[in-house]
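Next up: a single chain in structure tokens, the form predicted alone.
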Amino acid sequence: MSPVSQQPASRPLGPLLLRKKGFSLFGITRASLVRRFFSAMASVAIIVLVLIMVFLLRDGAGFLSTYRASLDVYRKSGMELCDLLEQPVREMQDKSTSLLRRALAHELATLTGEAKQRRDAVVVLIGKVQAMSAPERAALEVVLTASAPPETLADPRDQLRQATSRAAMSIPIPSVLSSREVEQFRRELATLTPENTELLPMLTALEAEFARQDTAARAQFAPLSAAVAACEQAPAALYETLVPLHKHARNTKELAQKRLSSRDQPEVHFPDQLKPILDARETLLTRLDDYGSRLKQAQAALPAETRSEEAAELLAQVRELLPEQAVQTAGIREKVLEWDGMHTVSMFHAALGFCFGPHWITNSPWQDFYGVVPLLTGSVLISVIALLIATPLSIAAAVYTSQFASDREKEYIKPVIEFIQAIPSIVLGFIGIALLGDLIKSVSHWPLLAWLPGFPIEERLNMFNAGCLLALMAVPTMFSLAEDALNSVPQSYAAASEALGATKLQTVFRVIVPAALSGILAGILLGLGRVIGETMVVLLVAGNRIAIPDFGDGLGVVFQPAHTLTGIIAQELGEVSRGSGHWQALFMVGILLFIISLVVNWCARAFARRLETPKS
């Protein structure tokens, strides 16, 4: 029998490539080839990073000059002077008028509350009955639209009458209605047909009763009604003077924009265009003084006593607010006197407006403003919420997994936590809209939790909702890095601690965790970078309100809607024309995000470097 031929065993690829002696081509060995391959990949990563910076700077570099030119026209056309007067007055007006109207509503409710409840209850009941009998109502409407013979209408009418009667008998009736009114209501529901557009007699009677009580209540609370009217009418004379000046300033701006877009248009002589507005400045100041006097009259008209505690609290706020508004009015007067319409807007002023401006207003027929403060505030608050939730969860999971969990537990804990990274952010956004937002809103209405700041909440899409979802997305990153940092602590530390008599808990929290603290902090910072760069979740569930949150609510500020830096880019970039000022502003936001990401990653690297073993 012939001997069986033996095949040479295959050699591992690693030693074959990295052996010192062997094949070489044009003086290039296998080892140098592998080194050059990986150095080339590193160079590609650096080149991509540089290209990102170049493209961001290329499209955003011209923003400041474009924005400066826009603000210059805004000033020289007189629009800035109009806003110096109108915007603060309108804000003051909205605050004081809103408080006074709410106070008056609470006072009126003490006399008209029952009549209003009865009227509103009947309106709600009619809506419910109509919704429950909608199929039969739709069938009758089809027959009526088709102009069918009268004999064919009897059947659909009878079906609608029966469906309405069943609905009226099945729905619960509020206790504010008496038994006689309930019987009358159910009897009148039979007349609810598509061709009957008149109100039910019962509802008409309730409306008349409420109107009668409301008139009597307003007469009783005449001083408060007079204060509300005085506050509402306070800026009327000022607005009457501002309206024609608004129109003139806008026309001047349109002429200047035409000149910028086409050199064939005649050049705008701003001093001549600005003269009517400057001539009206004294009149505007007189009307502003009149506005301040009317505020004082409104304050003097406030009643000393109220029937409801809510109205008393609101009027106390008004009494504090109106003197402050009088002081603000004096400040507005000084700004109007100091305003120089021919002073050119500098590049520094445009940069300050972008970095510290409180308004992000685009596609406005009046003037666009690009201030990143409301966007940056939203991003920072949402990131802080996410870190406050994710940090204890991820670090606790990392400490337990690395120090206390058995090998079998590790096989389940690590894959489950790391699997969260595989969930698409759009899916988490859907969860936030359909589940988490409604859950948070419903829980906030529990009487047991009414003492919490911001509870109950009305907006289910808010910063807290977004922060919870971003915390879920950040946990895997922070958990993995924190666990690696804990596992990298030398075993000799634990052995020395136990030799000195320390317990397991003392060893973990007084020796191992402090030794791995820099790595844990690096993981937190990288989690921050993951959170602050997320787009889809915040775009779906943060509420997208471009305004600086009202920090007067204390911790309740987290339940307000907000917008973010990443969200504004995703929302508006596809709707702007390439190369426009709006386009450049969005790229400036991208540059700001890029800088924030670089700073966060640099800080993370600085902390992680402390983990490295010193070289001998």
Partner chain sequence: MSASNPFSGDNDSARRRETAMRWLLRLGSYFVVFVTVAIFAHISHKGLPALLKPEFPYIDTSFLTELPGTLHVIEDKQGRVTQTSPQEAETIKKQLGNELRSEKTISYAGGGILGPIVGTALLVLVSVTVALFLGVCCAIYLSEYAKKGKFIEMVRLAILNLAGVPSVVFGLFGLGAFVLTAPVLTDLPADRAVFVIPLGFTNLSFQGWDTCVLSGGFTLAFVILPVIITASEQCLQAVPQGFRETSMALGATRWQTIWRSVLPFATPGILTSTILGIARAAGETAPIMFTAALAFKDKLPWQKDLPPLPADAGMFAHWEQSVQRCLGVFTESVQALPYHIYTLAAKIPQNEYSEQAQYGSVFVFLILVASLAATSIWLRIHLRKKYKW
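C-alpha atoms forming the largest set that superposes within 1.5 Å between two forms make up the rigid core. Numbering follows the first chain given and starts at 1. Keep in mind that what you see is a predicted model, and the values were worked out from it rather than measured.
A second form of this protein, the form predicted together with the partner chain, is not displayed here; the remarks below concern that form.
- The contact with the partner chain in the model of the complex, taken as any heavy atom within 4.5 Å, belongs to V416 out of V416, L388, V124, M342.
- Only one of the listed residues (F356, F404, W446, W366) places a non-hydrogen atom within 4.5 angstroms of the partner chain in the model of the complex, and that residue is F404.
- The partner is not drawn, yet in the model of the complex one stretch among 115-123, 70-78, 394-402, 100-108 has residues with heavy atoms inside 4.5 Å of the partner chain: 394-402.
- Across the proposed site, V427, A434 and L573 without exception bring a heavy atom within 4.5 Å of the partner chain in the model of the complex.
- Though the partner is left out of this view, G590 does reach within 4.5 Å of the partner chain in the model of the complex, counting heavy atoms only.
- Of the heavy atoms in T503, some are within 4.5 Å of the partner chain in the model of the complex.
- For the chain shown alone, I423 is a contact residue for the partner chain in the model of the complex, at least one non-hydrogen atom being within 4.5 angstroms.
- V558 falls outside the set of residues with a heavy atom inside 4.5 Å of the partner chain in the model of the complex.
- Of all the residues from 507-541, those having a non-hydrogen atom no more than 4.5 Å from the partner chain in the model of the complex are F509, G533, T535, M536, L539, L540.
- After superposition on the rigid core, the Cα atom of E458 is displaced by less than 2 Å between this form and the one not shown.
- Superposed on the core, the two forms barely differ at M342: its CA moves less than 2 Å between this form and the one not shown.
- For S65, the Cα coordinates differ by under 2 angstroms between this form and the one not shown after the core has been superposed.
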